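Okay, so here's just one chain, in C-alpha cells, the form predicted alone.
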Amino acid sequence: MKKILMLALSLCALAGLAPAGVTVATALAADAGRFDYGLRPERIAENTWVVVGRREDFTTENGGNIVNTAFVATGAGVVVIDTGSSKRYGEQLLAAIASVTDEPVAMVLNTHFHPDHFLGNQAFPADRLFALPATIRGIAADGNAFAENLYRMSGDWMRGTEVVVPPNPLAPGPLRVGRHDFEVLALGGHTEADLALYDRTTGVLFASDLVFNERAPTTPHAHLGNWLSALDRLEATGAALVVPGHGPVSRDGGAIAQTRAYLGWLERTLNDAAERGLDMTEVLALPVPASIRRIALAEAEYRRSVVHLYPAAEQRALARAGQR
C-alpha cells in the first residue's frame, strides 16, 4: 500500500497536481495517524503490563481495539498474551512492548480462536507463536472467514491483515520462562479451548475471554455449563489480579463473580423459557434485569446469545419432556 501511495503522489507531482506542501512522507504520516490504536501499556505488577481495549463492538472507528492484550518481561524474553485484531494492532503492540522493555519476544500465546485475539500474529516471529491444539485447529479452519468478517466491520484498519496459524501446540501445566513461574490452564466454555495463564510469581491471572469485566460476554461458540466450571477453576487459583479478555483489570476477584452472575442468569433465563415453550421471538422480547443492563452491551449481547444458544436449550427441554 505504501508503494502504491508513493507512486501515486510522485505521478501527481510530475503532473503538477500535488497540493502545496504535500509530500510522500507527510501523506504516509497522515495515513499512520489515522490508524493509530493509541495502545498504552499499563503496568499492573512487576514486569507485567496490560493494554486495555474499549468496551464496544467492532466498528470502523475503533478498528477492533476492543480486546485486552498483555505481556510479561521475564528476564529471558517477553511472554505476550494475545496479539489483537489486525496486522496494524500487532505492529503497534510490538512497538508498545519495545517502549517499556528491551527484552526480545520469547513466546506469543493465542488464548483462543476468536479473531480479536490472533489477527495481530503477523507482527511477531511465527516460530514464537503458541496455542492449545484445538485453538490451532480452529484458527486454521475458520481464521480466514473471521478475518473477512472483521474487514467488513472494521474497514481499512484491517488492511494487509492475513491469518498466521500458530505452529507450536501448548500443553497445560507448569511453564517457567526466565524469572517467572507460570501455570498454563487448558479450559473451555467460551470456546472449545480457552487458555488461561496464571503467573505464580506475581499472582496475576490472564483469564482471556473466560472472564469479562463491565462488558457483557460474547457467546457464539459457548457452552455455558463448561464455562461456569472453568470459572471455578480460575477462582481456585486465588489470583491477586485478574486480567479479563475484555474490560478493566479486576483487583478484588469481582470480574470472575460478575461473569459467573451474568452467565448464570443467562442459562436460567434460556432454560426457563424453553421449559415454558416460548419461541425465539418471545425470548428476545424478555426484559433484561437492571442489574444486568448496567453492564456494557448487555442487551445487545443477550439478543445475540438467544440466537446462539436458545435452539440447544429448546432441544434439551424437548428431550426432558420425552423422558417424562
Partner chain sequence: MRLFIATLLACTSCLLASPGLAAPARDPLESARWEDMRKLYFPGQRVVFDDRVRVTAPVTAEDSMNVPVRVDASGLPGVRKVTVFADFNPILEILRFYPQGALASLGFRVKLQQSTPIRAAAQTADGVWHVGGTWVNTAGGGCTAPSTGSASPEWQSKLGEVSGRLWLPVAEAPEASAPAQAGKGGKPGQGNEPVRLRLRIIHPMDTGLAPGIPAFFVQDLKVTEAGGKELMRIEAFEPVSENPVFTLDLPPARAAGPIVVSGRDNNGNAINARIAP
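Only a predicted model underlies this, so the values are computations on that prediction, with no experimental measurement involved. Residue numbers count along the first chain shown, from 1.
Keep in mind the form predicted together with the partner chain is missing from the figure; the text below concerns it.
- Only one segment in the set 59-67, 290-298, 251-259, 269-277 has any non-hydrogen atom within 4.5 angstroms of the partner chain in the predicted complex, and it is 269-277.
- In terms of contact with the partner chain in the predicted complex, the residue from Glu282, Glu46, Glu42, Asp36 that brings a heavy atom within 4.5 Å is Glu282.
- The three marked residues, Arg179, Val184 and Leu195, fail to reach the partner chain in the predicted complex, with no heavy atom of any inside 4.5 Å.
- Taking the partner chain as it sits in the predicted complex, the stretch 281-320 comes within 4.5 angstroms of it through a non-hydrogen atom at Thr281, Glu282, Leu284, Arg304, Val307, His308, Tyr310, Pro311, Glu314, Gln315, Ala317, Leu318, Arg320.
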